[in-house]
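Quick heads-up: it's one chain on its own, the form predicted alone, in structure tokens.
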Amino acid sequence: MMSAATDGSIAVVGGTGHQGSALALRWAAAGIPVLLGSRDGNRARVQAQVLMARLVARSGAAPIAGMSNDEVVQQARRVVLTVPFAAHVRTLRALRDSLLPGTVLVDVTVPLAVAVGGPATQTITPWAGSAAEQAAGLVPEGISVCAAFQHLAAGALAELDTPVDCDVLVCGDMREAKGAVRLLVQAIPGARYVDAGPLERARLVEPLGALLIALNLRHKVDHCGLRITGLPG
């Protein structure tokens, strides 16, 4: 059994969805082993095989292994949460006792209004202020939560031979955790890490995901992203 404490794997919870699978594909292509999680371990194993088929001729690609959400978080200290907002609380409560001490949890969730029967172009405001802050309140002490990757289009990520054209706004309260997220951003060609401040700034960052969905629909595209101009570097 692999353990990210020694092998550097990334666990993607809810990884069989479009966003989770696309992120997993990019990281595996960059040589980072990925543990693809799902509520249904068999579904995760099938999806992992599908993704690996795309990497079979790619030099330097790392393996993608599929298993249950509970299993992946027991084997990695970098956990990326890619579930819909409707499943956010349920998933975190189910995994609470399985998260390893010292884990960095990267929350990709956008609290879209579809969770309450509304449109995907609107968001709702969680009681905690943002999905990422809600996650921070649900995980055990010692787990660092960051918000990131909400604005990387799954379609763009899936095109492995094309760099993405998007900044990744990262919100978090712990410098070390942000450093771990920076490495994940830098592993995706074309993505740029942007420190967006403390975790509470996710209240501003997350709703931009709904704006990008609206722009995709209006302009009949599926690759909208964000670029912040005027920053050094």
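Start at 1 with the first residue shown and count on from there. These numbers come from a predicted model, not from an experiment.
Another form exists, predicted in complex with a small molecule; not displayed. Remarks below refer to it.
- Here the chain stands by itself, but in the predicted complex one stretch of 71-79, 159-167, 142-150, 98-106, 142-150, has heavy atoms within 4.5 Å of the small molecule.
- Interface membership of residue 83, defined by any non-hydrogen atom within 4.5 Å of the small molecule in the predicted complex, is confirmed.
- Interface residue remark: residue 134 is not counted as part of the site for the small molecule in the predicted complex, having no heavy atom within 4.5 Å.
- Although the partner is absent here, residue 16 lies within 4.5 Å of the small molecule in the predicted complex, judged by heavy atoms.
- Proximity of residue 114 to the small molecule in the predicted complex: non-hydrogen atoms within 4.5 Å are absent; the residue sits far from the partner.
- Every residue in the set 43, 87 and 91 has a non-hydrogen atom no more than 4.5 Å from the small molecule in the predicted complex.
- With the partner omitted from this view, the residue of 201, 39, 182, 54 that lies near the small molecule in the predicted complex is 39 [heavy atom within 4.5 Å].
- Taking a 4.5 Å heavy atom cutoff to the small molecule in the predicted complex, the contact residue among 128, 124, 154, 138 is 154.
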